[in-house]
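A single chain comes next, written as C-alpha cells; it is the form predicted on its own.
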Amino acid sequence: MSPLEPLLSSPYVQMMRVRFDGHGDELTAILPYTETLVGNPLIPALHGGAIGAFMEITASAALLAGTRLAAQPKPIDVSVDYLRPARPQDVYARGIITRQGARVANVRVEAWQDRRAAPVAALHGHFLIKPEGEG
C-alpha cells in the first residue's frame, strides 16, 4: 500500500480531486481546476480557502511520503501567505520538511501555476506526527 493511501482515500481530498505526481524523491501535488474553486468570479481568481486547504494536503503528503508514520499528521498551526491571485487553471505544489523531531514536524509548501519561480501562495506549518513503531 502507498504511504499516501490514507490521505487519498479521504472524502475531502477526493472532493477536491487532488492528485500526486512523484519523480525520484520529489512529490508534486496537483489541484485540477474546476469552476467550483473560483472564489471571485470578477477577477476571476481561485478561492483562498481552496488554495490553503490544497497546501495543507500537500504538507501532509510530504510527511507521509518522507517519513514512516503510524497515523496521518495532524496540523498544530498553519500560516498561509497569499502572494498573488490564482487564476482559473491547475495549481501545483511541493512540500519540504524543514525540521522533524520525535513528535512535531515543520513543513514548508509553495504553490504555483505557470512558473514555479512565481508562487501564488506559501504555507508554513507545524504538524503533530506519530512515527511507526511508537506505542
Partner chain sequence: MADDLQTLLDTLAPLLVDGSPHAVALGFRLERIEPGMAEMRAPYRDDLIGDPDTRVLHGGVVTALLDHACGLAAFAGLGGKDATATLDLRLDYMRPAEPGRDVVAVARCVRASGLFAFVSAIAHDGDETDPVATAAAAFMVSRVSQEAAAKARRAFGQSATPISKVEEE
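Residue numbers count along the first chain shown, from 1. From a predicted model like this one, the values you see are computed outputs, not experimental measurements.
One more form of this protein, predicted in complex with the partner chain, exists but is not displayed; see below.
In the predicted bound form, residue 72 approaches the partner chain with a heavy atom inside 4.5 Å. The closest non-hydrogen atom of residue 52 lies within 4.5 Å of the partner chain in the predicted bound form. Among residues of the shown chain, residue 56 is one whose heavy atoms approach the partner chain to within 4.5 Å in the predicted bound form.
Residue contact with the partner chain in the predicted bound form: residue 39 places a heavy atom within 4.5 Å of it. In summary, the region of this chain contacting the partner chain in the predicted bound form, judged by heavy atoms within 4.5 Å and restricted to 61 to 69, 79 to 87, 22 to 30, 96 to 104, corresponds to 79 to 87. Contacts between stretch 2 to 18 and the partner chain, counted in the predicted bound form as any heavy atom lying within 4.5 Å, involve 9, 10, 11, 12, 13, 15, 16, listed in sequence order.
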